[in-house]
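The chain below stands alone, shown as structure tokens; this is the form predicted on its own.
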């Protein structure tokens, strides 16, 4: 394989490419989906091939093939070179990759419990047991839907480029998605989706304690449906749970801080960005509690990697530091335009996908308080632990989050359930209104979509519980 990749790089160079990159990329996957405990589908797949990327006359070209032989790679290289050369004539800004110290490394993540050593029967029984445990918790409402998808994937990559990078990796990932919908003839419906995901083997599913977690969630959902009351109409102190906070970090800092989005590449696909190059190091959009980090190197994380698709070593990136715009997410091309070094943010979903700038594990830096200390002096407020729905504008500035599990806070204690609270704010309002953070950092798995054709890559979203000064709540549907 290495000889074939080296051939592709050398051949591209002989055709006039100033830069050439060949990436072998494979996914070996297996999944099971059930509905209300009954098997809907089960199957395995193998995706493997080579993606070739070149720069010719300042223009980028990308092509891929799933036929891994010398002749197919030759044709793929020629296609990538022709794409780059044909578009070079209309480019206003030529592409130039930043000079970096690139990796020459091989790494893998071990599975303590290999996927292959867990029987199909045990994996199916997880679905049946989950449906049974959820059903046992329901008293007055009806389980309208319980969908559970279990997925395992082993990703292998070999990256080789003309600037000297050679990186070989093997990363196993396991994930799950649960959607629960409860219905009551008088009280309506309530629904919650949960995603789990981590790097490792089947042991990661066991560590999640999925059965207890989902049965407890179902019990809480029914109580909210039957007993939850409307949120207060006057401004109150709000505590946002880490699940909501993690989503805010991903959507309001991670996406708008992608350098290609700032430069307009995503404008016609997923929207624009409020961030501008001149904000770096000077623009304040939050207070001293507002430090946001994107870190691919967290062991076991769903967005884990040690080198990006261009061979640049991964590292923690401090996007927002104490409220000040500090760093954007870069690949080697955007790094040149911003006159900085790449911070290793180039990722591709599979061999068919062009590497583009992506997040990994994006989170708000935790504080120093326990949850009890966070709420102890609140005379009246609301704790929104989790969300049911959300939306955000194209520039990632104005946003709205509909809560699921939420409680009244009275004299420092959690009391009655609040149903369907909505909190709305701008990015600057959120980061400027933080008055305290808990010390408990929690992460939540997600698949981040971006690009055209669309790519989905694994990420973590995280943060602590956060207390915000007086804010007004709305109600879902109003």
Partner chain sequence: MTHVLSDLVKRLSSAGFDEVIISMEYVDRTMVKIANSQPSVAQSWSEVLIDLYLTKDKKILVTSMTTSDLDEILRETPRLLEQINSLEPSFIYAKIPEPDREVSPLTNLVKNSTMKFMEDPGIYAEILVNKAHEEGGERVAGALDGYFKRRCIATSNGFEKCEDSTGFTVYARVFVRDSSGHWGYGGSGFDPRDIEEVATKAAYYAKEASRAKSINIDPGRYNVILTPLVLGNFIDYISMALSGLGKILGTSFFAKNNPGDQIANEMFTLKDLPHRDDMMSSTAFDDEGLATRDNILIERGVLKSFIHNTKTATILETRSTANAGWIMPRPWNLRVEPGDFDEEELVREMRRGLLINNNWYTRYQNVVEGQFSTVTRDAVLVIENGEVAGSVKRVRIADSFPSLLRNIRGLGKRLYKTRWWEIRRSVELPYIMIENVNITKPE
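Computed from a predicted model, the values in this text were never measured in an experiment. Residue numbers count along the first chain shown, from 1.
Heads up, the form predicted together with its partner chain isn't pictured, but that's what we're talking about next.
Site check 11, 96 and 326: each within 4.5 Å of its partner chain in the predicted bound form by heavy atom | None of them does, since no heavy atom lies within 4.5 Å of the partner.
Position in contact with its partner chain when the complex is considered in the predicted bound form, options 277, 271, 281, 316, heavy atoms within 4.5 Å | Among 277, 271, 281, 316, a heavy atom within 4.5 Å of its partner chain in the predicted bound form occurs only for 271.
Just one of 169, 162, 195, 399 has a heavy atom within 4.5 Å of its partner chain in the predicted bound form. Which one?
-> None of the other options qualify; the answer is 399.
One stretch from 391-399, 236-244, 294-302, 374-382 that, in the predicted bound form, holds residues within 4.5 Å of its partner chain by heavy atom | Only one stretch passes the 4.5 Å heavy-atom test: 391-399.
Mark residue 251 yes when one of its heavy atoms lies within 4.5 Å of a heavy atom of its partner chain in the predicted bound form, and no otherwise.
-> The answer is yes: residue 251 has a heavy atom within 4.5 Å of its partner chain.
Counting only non-hydrogen atoms and a 4.5 angstroms cut-off, does residue 89 reach its partner chain in the predicted bound form?
-> It does: once its partner chain is placed as it appears in the predicted bound form, residue 89 has a heavy atom within 4.5 Å of it.
Verify the contact flag for residue 114: yes if a non-hydrogen atom of it lies within 4.5 Å of a non-hydrogen atom of its partner chain in the predicted bound form, no if not.
-> No - in the predicted bound form, heavy atoms of residue 114 and its partner chain never come within 4.5 Å of each other.
Verify the contact flag for residue 469: yes if a non-hydrogen atom of it lies within 4.5 Å of a non-hydrogen atom of its partner chain in the predicted bound form, no if not.
-> Residue 469: no contact with its partner chain in the predicted bound form.
Just give me the residues of 37-72, first to last, that have a heavy atom within 4.5 Å of its partner chain in the predicted bound form.
-> Contacts from 37-72: 38, 39, 40, 41, 42, 43, 44, 45, 46, 47, 48, 60, 61, 62, 63, 64, 65, 66, 67.
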